[in-house]
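As C-alpha cells, one chain now follows by itself in the form predicted alone.
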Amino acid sequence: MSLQDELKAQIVKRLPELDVVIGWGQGYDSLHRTPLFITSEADVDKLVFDPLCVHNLSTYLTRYGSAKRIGVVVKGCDSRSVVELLQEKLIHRDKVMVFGLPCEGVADLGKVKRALAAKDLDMGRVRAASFADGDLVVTVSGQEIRLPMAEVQADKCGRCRYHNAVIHDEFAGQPITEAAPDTYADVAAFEEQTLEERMEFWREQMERCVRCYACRNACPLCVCRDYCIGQSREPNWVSQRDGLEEKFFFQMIHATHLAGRCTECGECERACPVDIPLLLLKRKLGKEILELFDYRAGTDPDAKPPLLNFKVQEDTINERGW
C-alpha cells in the first residue's frame, strides 16, 4: 500500500469522529496543490500527497474555535506548529486529530520557475507534473523536462531535523531515520557582513514589500489577524503610508512577535509575492533563542516557550553575575 493510500484509509477510519479533515488536493494546475477540506468519504478520493504539498495546514486550526473536532494532515515542520499552538493553548488537544507523515522535502515553485526559465520555458505552460527517481518530471510546451529534486527543493528541507511528524494520532508510511543538522550557517554567513551592509540589504528588501499581509495570513502562529498591530486604528501603531519605515516597522514587529514561537516552516517566505527572504529574519531570532535558552520551537508539547514563561533565574543566563 502506498503512503497516500495508507493515509486515505486512516482518514476514512477516523472521519466519523471528526467534523472535517484538512489535507491537500489538486490545485488549479498540475504544479499546485491546495488545501482540501474533507467532510465525507467522497472527498477522501481527492486527497493527494507529494512534494508539491507545501502548505502548512495547521494555519487553519485556530479558525475553527473549540466547537468542532478537526483532523489535520501534517509533515514534520507542520507538526511543530501544532505543538506550538498546543503549548500556547490556542487549540485543544481533544479537539484536534493529527495525521502525521514522513517527508523527504517539498518543491520550491520559485526554483522550478527559474529552472524552466533557464531553458526558455514558461512555468505557466506546464501541462503535467509527476515524480520519478528523485526528479520532478514536467511536460511543458510538448517537452518532457526532468528537474532533480535536489535542485528545486526548498532550502528549509536541506537543513530539516524533523522529517517525521513530532506529534500524531495516526502515522502513515515509514519514519525517516536520518536528519540533517541545522547549524544556522545561513544566518552566520549573513552576520559576517558589516552593520551597514546588513542594513542596506534589508532596506532593499523592504522597499519591495507591498504590505499585502500574505506573510502574516500564511503564518500558523500569527493568530491575532483581526486585531493585528499592522492594521489597528485603536491604537494606531503603524500608519498605512507606503514608506520604507512603515514596511520595516511592520516586518520587525511580525518577526519579534514570533521570537521563540516560530517553527521555521517558511510559509511567510513562500507566500510573499515579491520574494522577500523573510525566513532569514525568523531564523536569526530562532538562533538567538536557541543560544540563550537551548530551545527549539514546536518540538516538546510539554515545554513552555521561553518568552512566554517567567523564571526568576534562567538556566542558561547568569543574570546575577553581570
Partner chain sequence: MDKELRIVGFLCNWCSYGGADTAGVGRFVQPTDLRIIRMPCSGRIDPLFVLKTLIGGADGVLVSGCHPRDCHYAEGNYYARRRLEVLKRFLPIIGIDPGRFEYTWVSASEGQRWQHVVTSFTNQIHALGPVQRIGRQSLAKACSLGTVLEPLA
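Computed from a predicted structure; not experimentally measured. Residue numbers count along the first chain shown, from 1. Take the two forms, superpose them, and find the largest set of C-alpha atoms that agree within 1.5 Å; that set is the rigid core.
As for the form predicted in complex with the partner chain, it is not shown, yet the points below apply to it.
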Given the partner chain in the model of the complex, answer whether the residues Gln4, Leu31 and Val73 all have a heavy atom inside 4.5 Å of it.
-> no
Quick one: of Glu104, Glu200, Glu151, Asp135, which gets a non-hydrogen atom within 4.5 angstroms of the partner chain in the model of the complex?
-> Glu200
Please pick, from Leu244, Ala128, Ile176, Met123, the one residue with any non-hydrogen atom lying within 4.5 angstroms of the partner chain in the model of the complex.
-> Leu244
Might Leu307 be said to contact the partner chain in the model of the complex, defining contact as any heavy atom within 4.5 Å?
-> yes
Can you check whether Asp19 is within 4.5 Å of the partner chain in the model of the complex, heavy atom basis?
-> no
Tell me, yes or no, whether Asp50 is in contact with the partner chain in the model of the complex, where a contact means a heavy atom of each within 4.5 Å.
-> no
Using 4.5 Å between non-hydrogen atoms, is Glu291 touching the partner chain in the model of the complex?
-> yes
Sort through 95 to 103, 108 to 116, 187 to 195, 137 to 145 and report the only stretch with a non-hydrogen atom within 4.5 Å of the partner chain in the model of the complex.
-> 187 to 195
Residues of stretch 273 to 287 in contact with the partner chain in the model of the complex (4.5 Å, non-hydrogen atom) | Leu280, Leu281, Lys284, Leu285
After superposition on the rigid core, does the Cα atom of Asn309 shift by at least 2 Å between the shown form and the other one?
-> yes
